[in-house]
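Single chain ahead, by itself, as C-alpha coordinates, in the form predicted alone.
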(Lines give C-alpha, C1' and ligand atoms only; values in the text may rest on other atoms or scores of the structure.)
Protein backbone atom coordinates (compact mmCIF):
# COMPACT_ATOMS: atom_id res chain seq x y z
CA UNK A 1 0.00 0.00 0.00
CA UNK A 2 1.26 3.45 -0.84
CA UNK A 3 1.50 6.54 1.32
CA UNK A 4 -0.18 9.88 1.07
CA UNK A 5 1.43 13.01 2.42
CA UNK A 6 -0.19 16.44 2.71
CA UNK A 7 1.65 19.76 2.58
CA UNK A 8 0.14 23.16 3.29
CA UNK A 9 1.87 25.57 0.88
CA UNK A 10 2.16 29.36 1.20
CA UNK A 11 -1.11 31.17 0.59
CA UNK A 12 0.00 32.42 -2.83
CA UNK A 13 1.20 29.06 -4.17
CA UNK A 14 -0.55 27.62 -7.23
CA UNK A 15 0.81 24.27 -8.41
CA UNK A 16 0.10 24.50 -12.14
CA UNK A 17 1.54 28.01 -12.43
CA UNK A 18 4.56 27.47 -10.20
CA UNK A 19 5.59 24.06 -11.54
CA UNK A 20 5.19 25.11 -15.15
CA UNK A 21 7.37 28.18 -14.75
CA UNK A 22 10.68 26.82 -16.05
CA UNK A 23 11.62 24.30 -18.72
CA UNK A 24 12.90 21.77 -16.19
CA UNK A 25 9.31 20.68 -15.56
CA UNK A 26 9.57 18.87 -18.92
CA UNK A 27 12.91 17.21 -18.14
CA UNK A 28 13.02 13.60 -16.93
CA UNK A 29 12.23 12.25 -14.50
CA UNK A 30 9.61 15.00 -14.21
CA UNK A 31 6.34 14.37 -16.00
CA UNK A 32 3.67 17.06 -16.03
CA UNK A 33 0.16 16.01 -17.02
CA UNK A 34 -1.83 18.84 -18.66
CA UNK A 35 -4.97 16.72 -18.23
CA UNK A 36 -4.78 16.07 -14.48
CA UNK A 37 -2.57 19.07 -13.60
CA UNK A 38 -0.21 16.82 -11.65
CA UNK A 39 3.55 16.37 -11.51
CA UNK A 40 4.83 12.80 -11.35
CA UNK A 41 8.44 11.73 -10.91
CA UNK A 42 10.68 9.08 -9.42
CA UNK A 43 12.51 10.07 -6.26
CA UNK A 44 15.24 8.36 -4.28
CA UNK A 45 14.80 8.29 -0.50
CA UNK A 46 16.76 6.54 2.24
CA UNK A 47 14.50 3.50 1.96
CA UNK A 48 14.76 3.24 -1.83
CA UNK A 49 13.15 4.71 -4.91
CA UNK A 50 9.49 5.57 -5.30
CA UNK A 51 7.17 7.21 -7.77
CA UNK A 52 5.39 10.27 -6.44
CA UNK A 53 2.54 12.30 -7.88
CA UNK A 54 2.03 15.85 -6.63
CA UNK A 55 -1.43 17.35 -6.95
CA UNK A 56 -3.36 20.38 -5.73
CA UNK A 57 -6.90 19.00 -5.92
CA UNK A 58 -8.67 22.29 -5.24
CA UNK A 59 -6.60 24.04 -7.96
CA UNK A 60 -6.56 27.38 -6.16
CA UNK A 61 -3.88 29.47 -4.48
CA UNK A 62 -2.82 28.14 -1.11
CA UNK A 63 -4.83 24.93 -1.37
CA UNK A 64 -3.26 21.82 0.19
CA UNK A 65 -0.81 19.76 -1.85
CA UNK A 66 -1.27 16.00 -1.89
CA UNK A 67 1.73 13.73 -2.43
CA UNK A 68 0.74 10.23 -3.53
CA UNK A 69 3.52 7.64 -3.29
CA UNK A 70 3.52 4.14 -4.76
CA UNK A 71 4.93 2.57 -1.60
CA UNK A 72 4.66 3.05 2.14
CA UNK A 73 6.98 5.60 3.69
CA UNK A 74 8.55 5.62 7.12
CA UNK A 75 8.26 8.74 9.27
CA UNK A 76 11.81 9.68 8.27
CA UNK A 77 11.06 9.22 4.57
CA UNK A 78 8.00 11.43 4.90
CA UNK A 79 10.25 14.19 6.18
CA UNK A 80 12.70 13.53 3.33
CA UNK A 81 9.94 13.67 0.75
CA UNK A 82 8.56 16.92 2.13
CA UNK A 83 12.02 18.50 2.09
CA UNK A 84 12.67 17.49 -1.52
CA UNK A 85 9.26 18.73 -2.66
CA UNK A 86 9.72 21.97 -0.73
CA UNK A 87 12.99 22.61 -2.57
CA UNK A 88 11.59 21.64 -5.97
CA UNK A 89 8.52 23.86 -5.64
CA UNK A 90 10.32 26.61 -3.69
CA UNK A 91 7.72 26.51 -0.97
CA UNK A 92 10.18 28.18 1.40
CA UNK A 93 10.84 31.16 -0.89
CA UNK A 94 10.60 34.18 1.39
CA UNK A 95 11.33 36.70 -1.34
CA UNK A 96 8.04 36.68 -3.23
CA UNK A 97 6.58 39.82 -1.63
CA UNK A 98 9.89 41.65 -2.02
CA UNK A 99 10.01 40.73 -5.69
CA UNK A 100 6.50 42.04 -6.27
CA UNK A 101 7.47 45.32 -4.61
CA UNK A 102 10.40 45.63 -7.01
CA UNK A 103 8.47 44.47 -10.08
CA UNK A 104 4.75 45.03 -9.54
CA UNK A 105 3.87 43.74 -13.02
CA UNK A 106 3.59 40.20 -11.68
CA UNK A 107 1.84 40.81 -8.36
CA UNK A 108 -1.70 40.23 -9.68
CA UNK A 109 -0.79 36.99 -11.46
CA UNK A 110 1.30 35.87 -8.50
CA UNK A 111 4.27 34.88 -10.64
CA UNK A 112 7.51 34.75 -8.70
CA UNK A 113 8.57 31.15 -8.04
CA UNK A 114 10.69 29.39 -10.66
CA UNK A 115 10.62 25.59 -10.68
CA UNK A 116 13.81 23.66 -9.97
CA UNK A 117 15.03 20.16 -9.08
CA UNK A 118 14.78 18.45 -5.69
CA UNK A 119 18.59 18.47 -5.31
CA UNK A 120 21.51 20.75 -6.06
CA UNK A 121 23.29 18.03 -8.03
CA UNK A 122 20.32 17.40 -10.33
CA UNK A 123 20.14 21.13 -11.06
CA UNK A 124 23.86 21.11 -11.79
CA UNK A 125 23.61 18.25 -14.30
CA UNK A 126 20.53 19.71 -15.96
CA UNK A 127 22.27 23.05 -16.32
CA UNK A 128 25.30 21.45 -17.97
CA UNK A 129 23.03 19.52 -20.35
CA UNK A 130 21.28 22.77 -21.36
CA UNK A 131 24.46 24.57 -22.51
CA UNK A 132 25.37 25.00 -26.19
CA UNK A 133 22.55 22.80 -27.40
CA UNK A 134 18.95 22.91 -28.63
CA UNK A 135 16.17 22.27 -26.13
CA UNK A 136 15.06 18.94 -27.72
CA UNK A 137 18.62 17.66 -27.23
CA UNK A 138 18.52 18.71 -23.58
CA UNK A 139 15.25 16.82 -23.18
CA UNK A 140 16.76 13.75 -24.81
CA UNK A 141 19.94 13.82 -22.70
CA UNK A 142 18.01 13.92 -19.44
CA UNK A 143 15.62 11.20 -20.57
CA UNK A 144 18.51 8.92 -21.48
CA UNK A 145 20.36 9.64 -18.22
CA UNK A 146 17.30 8.41 -16.36
CA UNK A 147 16.90 5.38 -18.63
CA UNK A 148 20.56 4.36 -18.66
CA UNK A 149 21.92 5.43 -15.28
CA UNK A 150 19.08 5.77 -12.74
CA UNK A 151 15.31 6.35 -13.01
CA UNK A 152 15.27 8.73 -10.03
CA UNK A 153 17.90 10.83 -11.82
CA UNK A 154 21.55 9.88 -11.37
CA UNK A 155 23.06 10.52 -7.97
CA UNK A 156 26.70 11.62 -7.80
CA UNK A 157 27.67 8.09 -6.76
CA UNK A 158 25.83 6.49 -9.68
CA UNK A 159 27.17 8.93 -12.25
CA UNK A 160 30.72 8.75 -10.94
CA UNK A 161 30.83 5.02 -11.68
CA UNK A 162 29.93 5.44 -15.36
CA UNK A 163 32.42 5.49 -18.20
CA UNK A 164 32.59 8.60 -20.35
CA UNK A 165 32.01 6.52 -23.47
CA UNK A 166 28.79 5.13 -21.99
CA UNK A 167 27.42 8.61 -21.38
CA UNK A 168 28.44 9.76 -24.83
CA UNK A 169 27.16 6.78 -26.81
CA UNK A 170 24.05 5.84 -24.81
CA UNK A 171 22.96 9.16 -23.30
CA UNK A 172 23.96 11.51 -26.13
CA UNK A 173 25.73 13.98 -23.85
CA UNK A 174 28.53 14.66 -26.34
CA UNK A 175 31.52 16.60 -25.02
CA UNK A 176 29.85 16.82 -21.60
CA UNK A 177 30.67 13.17 -20.83
CA UNK A 178 33.95 13.71 -18.97
CA UNK A 179 32.73 16.89 -17.30
CA UNK A 180 29.63 15.22 -15.88
CA UNK A 181 31.73 12.43 -14.41
CA UNK A 182 34.18 14.98 -13.00
CA UNK A 183 31.32 16.85 -11.32
CA UNK A 184 29.96 13.59 -9.91
CA UNK A 185 33.34 12.54 -8.50
CA UNK A 186 33.84 15.98 -6.97
CA UNK A 187 30.43 15.71 -5.30
CA UNK A 188 31.20 12.23 -3.97
CA UNK A 189 34.55 13.35 -2.55
CA UNK A 190 33.05 16.43 -0.93
CA UNK A 191 34.98 18.83 -3.13
CA UNK A 192 31.57 20.02 -4.28
CA UNK A 193 29.60 20.58 -1.08
CA UNK A 194 25.92 21.10 -1.91
CA UNK A 195 25.20 22.35 1.61
CA UNK A 196 27.80 25.10 1.21
CA UNK A 197 26.30 26.25 -2.09
CA UNK A 198 22.81 26.18 -0.53
CA UNK A 199 23.91 28.17 2.54
CA UNK A 200 22.34 31.61 2.15
CA UNK A 201 24.92 33.14 4.51
CA UNK A 202 27.59 32.79 1.83
CA UNK A 203 27.89 35.99 -0.26
CA UNK A 204 26.54 35.85 -3.81
CA UNK A 205 29.83 36.86 -5.39
CA UNK A 206 31.73 34.13 -3.54
CA UNK A 207 29.21 31.47 -4.61
CA UNK A 208 29.24 32.73 -8.20
CA UNK A 209 33.04 32.55 -8.37
CA UNK A 210 32.99 29.04 -6.92
CA UNK A 211 30.52 27.91 -9.57
CA UNK A 212 32.71 29.29 -12.35
CA UNK A 213 35.55 27.06 -11.15
CA UNK A 214 33.53 23.86 -11.69
CA UNK A 215 34.00 21.69 -14.81
CA UNK A 216 31.58 22.67 -17.57
CA UNK A 217 30.30 25.77 -15.78
CA UNK A 218 30.78 28.95 -17.81
CA UNK A 219 29.06 32.35 -17.46
CA UNK A 220 25.62 31.18 -18.62
CA UNK A 221 25.66 28.04 -16.48
CA UNK A 222 26.88 29.93 -13.41
CA UNK A 223 24.12 32.52 -13.82
CA UNK A 224 21.53 29.79 -14.18
CA UNK A 225 22.80 27.91 -11.14
CA UNK A 226 22.65 31.11 -9.12
CA UNK A 227 18.93 31.52 -9.76
CA UNK A 228 18.39 27.83 -9.07
CA UNK A 229 20.03 28.49 -5.70
CA UNK A 230 17.57 31.31 -5.07
CA UNK A 231 20.15 34.02 -5.84
CA UNK A 232 18.41 36.10 -8.49
CA UNK A 233 20.84 38.98 -8.88
CA UNK A 234 22.64 37.38 -11.84
CA UNK A 235 21.40 36.94 -15.40
CA UNK A 236 21.99 33.80 -17.46
CA UNK A 237 22.63 35.17 -20.94
CA UNK A 238 22.06 32.90 -23.94
CA UNK A 239 20.62 33.16 -27.44
CA UNK A 240 17.09 33.43 -26.05
CA UNK A 241 18.17 36.44 -24.02
CA UNK A 242 19.55 38.19 -27.08
CA UNK A 243 16.40 37.35 -29.03
CA UNK A 244 14.26 38.72 -26.19
CA UNK A 245 16.37 41.88 -26.09
CA UNK A 246 15.74 42.50 -29.75
CA UNK A 247 12.11 41.39 -30.10
CA UNK A 248 10.63 42.43 -26.76
CA UNK A 249 12.84 45.27 -25.60
CA UNK A 250 13.68 46.77 -28.99
CA UNK A 251 17.44 46.77 -28.59
CA UNK A 252 19.65 46.91 -31.67
CA UNK A 253 23.25 46.22 -32.59
CA UNK A 254 25.57 43.23 -32.38
CA UNK A 255 24.88 40.40 -29.95
CA UNK A 256 27.44 41.88 -27.56
CA UNK A 257 25.81 45.31 -27.79
CA UNK A 258 22.34 43.85 -27.18
CA UNK A 259 23.66 41.89 -24.19
CA UNK A 260 25.08 45.09 -22.71
CA UNK A 261 21.72 46.83 -23.13
CA UNK A 262 19.86 43.88 -21.61
CA UNK A 263 22.11 43.88 -18.56
CA UNK A 264 21.63 47.63 -18.13
CA UNK A 265 17.85 47.28 -18.50
CA UNK A 266 17.48 44.73 -15.69
CA UNK A 267 19.75 46.61 -13.30
CA UNK A 268 16.65 48.37 -11.98
CA UNK A 269 15.39 45.12 -10.46
CA UNK A 270 18.47 44.66 -8.28
CA UNK A 271 18.69 41.29 -6.54
CA UNK A 272 15.58 40.17 -8.44
CA UNK A 273 17.06 40.72 -11.92
CA UNK A 274 16.68 37.15 -13.05
CA UNK A 275 13.09 36.82 -11.86
CA UNK A 276 12.07 39.95 -13.74
CA UNK A 277 13.87 38.82 -16.88
CA UNK A 278 12.71 35.21 -16.80
CA UNK A 279 9.06 35.81 -15.97
CA UNK A 280 8.90 38.46 -18.68
CA UNK A 281 10.39 35.96 -21.15
CA UNK A 282 8.10 33.14 -19.97
CA UNK A 283 5.06 35.38 -20.24
CA UNK A 284 5.91 35.98 -23.90
CA UNK A 285 6.17 32.22 -24.44
CA UNK A 286 2.72 31.82 -22.93
CA UNK A 287 1.23 34.64 -24.99
CA UNK A 288 2.37 32.71 -28.04
CA UNK A 289 1.65 29.13 -26.91
CA UNK A 290 -0.99 29.36 -24.18
CA UNK A 291 -0.50 28.67 -20.45
CA UNK A 292 2.54 26.46 -19.83
CA UNK A 293 0.48 23.95 -17.86
CA UNK A 294 -1.36 23.11 -21.08
CA UNK A 295 1.83 22.32 -22.99
CA UNK A 296 2.33 18.66 -23.93
CA UNK A 297 5.65 17.02 -22.92
CA UNK A 298 7.17 17.41 -26.41
CA UNK A 299 6.09 21.03 -26.76
CA UNK A 300 8.55 23.29 -28.56
CA UNK A 301 8.77 26.99 -27.69
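Positions refer to the first chain, counted from 1. Keep in mind that this is a model prediction, so the values were computed, not measured.
The form predicted in complex with the DNA is left out here; the points below concern that form.
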Is there a heavy atom of residue 172 lying 4.5 Å or less from a heavy atom of the DNA in the predicted complex? yes
Can you check whether residue 33 is within 4.5 Å of the DNA in the predicted complex, heavy atom basis? no
Close approach of residue 231 to the DNA in the predicted complex, 4.5 Å, heavy atom: no
In the predicted complex, is there a heavy atom of the DNA that lies within 4.5 Å of any heavy atom of residue 239, even though the partner is absent here? yes
Which one of 185, 82, 144, 208 is close to the DNA in the predicted complex, taking close to mean a heavy atom within 4.5 Å? 144
Candidate from 200, 137, 189, 166 lying within 4.5 Å of the DNA in the predicted complex - any heavy atom: 137
Within 4.5 Å of the DNA in the predicted complex, heavy atom basis, the matching stretch of 175-183, 145-153, 68-76, 93-101 is 175-183
Would you check whether the DNA, in the predicted complex, lies within 4.5 angstroms of a non-hydrogen atom from each of 250, 284 and 295? no
Where, within 242-281, is there a heavy atom within 4.5 Å of the DNA in the predicted complex? Residue list please. 256
